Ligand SMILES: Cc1cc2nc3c(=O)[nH]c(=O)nc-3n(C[C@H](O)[C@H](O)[C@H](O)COP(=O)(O)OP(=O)(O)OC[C@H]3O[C@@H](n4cnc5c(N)ncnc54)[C@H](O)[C@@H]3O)c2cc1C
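Single chain ahead, by itself, as structure tokens, in the form predicted alone.
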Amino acid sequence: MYDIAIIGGGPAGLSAAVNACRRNKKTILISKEEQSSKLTQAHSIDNYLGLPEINGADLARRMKEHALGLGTVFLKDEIQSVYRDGRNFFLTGRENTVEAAAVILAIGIAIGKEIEGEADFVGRGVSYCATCDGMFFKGKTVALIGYIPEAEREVNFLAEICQKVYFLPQYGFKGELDPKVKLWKGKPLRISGTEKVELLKTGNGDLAVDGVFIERAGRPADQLIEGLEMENGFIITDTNQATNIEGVFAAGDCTGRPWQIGRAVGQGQIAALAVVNYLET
């Protein structure tokens, strides 16, 4: 049982963790990535106060070390749902369930726009978790569209159980793949079929598949927690970063523009201090 559970390991989430721990709150930070891929890919950051020309990878490492040094518990997992049971929240991930008194959403923005037909085939051939749903496609042909490096582990897992696997990396792929995986260079354009997925149309031709797995940095906020108020794809918060759901706060890119590190860090601090006040009143 934790006082505060933070979803997201970018600047907003890490800032929230630092400030929560400094107020002696038992804090867990849950992230799908070891470090924010969006931040680590920045070659040079010139507008973060006091650290001119630092590269993204170094800044991400220093932020995480700061949070861990103060006692933040780090859990590598992808949260699938958040729900309240009594006074507390339960965060269900691919591999773990976490209980906390309050939640801070610092999930950033989903990398990669929704593919045409994607929403129509969720549960009918479209999946967001290879380790969860891979066995449903044992001996079949699937494609995995990856927007982050963690996709490589997932596609290699699928190669162990599926007859044929296509991998469509939408980032600078430099890793190694299982020999059974076919690298397919092309932008995903449309997912189609009748009762279930049958075809993935790409900029490099069509793929006849039984299933399409999509690996992004995280899920849209309104898929995580029911009843969360959104506007134009962003979480609505007040000046204390509180959402419409009591005990749930949000910070960083998921609350809207500008998508800047300084703003994310500031909102993470505000959210953490607001949560501390919420827990103590």
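Quick caveat: nothing in here was measured; it's all calculated off a predicted structure. Position 1 is the first residue in the sequence shown; the rest follow in order.
Just so it is clear, the following notes concern the form predicted together with the named molecule, a form of the same protein that is not shown.
**Student:** Using 4.5 Å between non-hydrogen atoms, is I7 touching the named molecule in the model of the complex?
**Tutor:** Yes, contact at 4.5 Å.
**Student:** With the partner left out of view, is N47 within 4.5 angstroms of the named molecule in the model of the complex by any non-hydrogen atom?
**Tutor:** So N47 counts as contacting the named molecule.
**Student:** Find out whether any non-hydrogen atom of D210 is located within 4.5 angstroms of the named molecule in the model of the complex, and reply yes or no.
**Tutor:** D210: no contact with the named molecule in the model of the complex.
**Student:** Decide whether I107 counts as a contact residue for the named molecule in the model of the complex under a heavy atom distance cut-off of 4.5 Å.
**Tutor:** Although the named molecule is absent here, I107 would touch it in the model of the complex, with heavy atoms inside 4.5 Å.
**Student:** In the model of the complex, which of the listed residues (E116, D133, D77, D178) lies with a heavy atom within 4.5 Å of the named molecule?
**Tutor:** Exactly one residue meets the criterion: D77.
**Student:** Among Q41, N240, Q223, N244, which has at least one heavy atom within 4.5 Å of the named molecule in the model of the complex?
**Tutor:** That would be Q41.
**Student:** Using a 4.5 Å cut-off on any heavy atom, which residues of 166-180 would contact the named molecule in the model of the complex?
**Tutor:** If the 4.5 Å heavy-atom criterion is applied to the named molecule in the model of the complex, 166-180 yields nothing.
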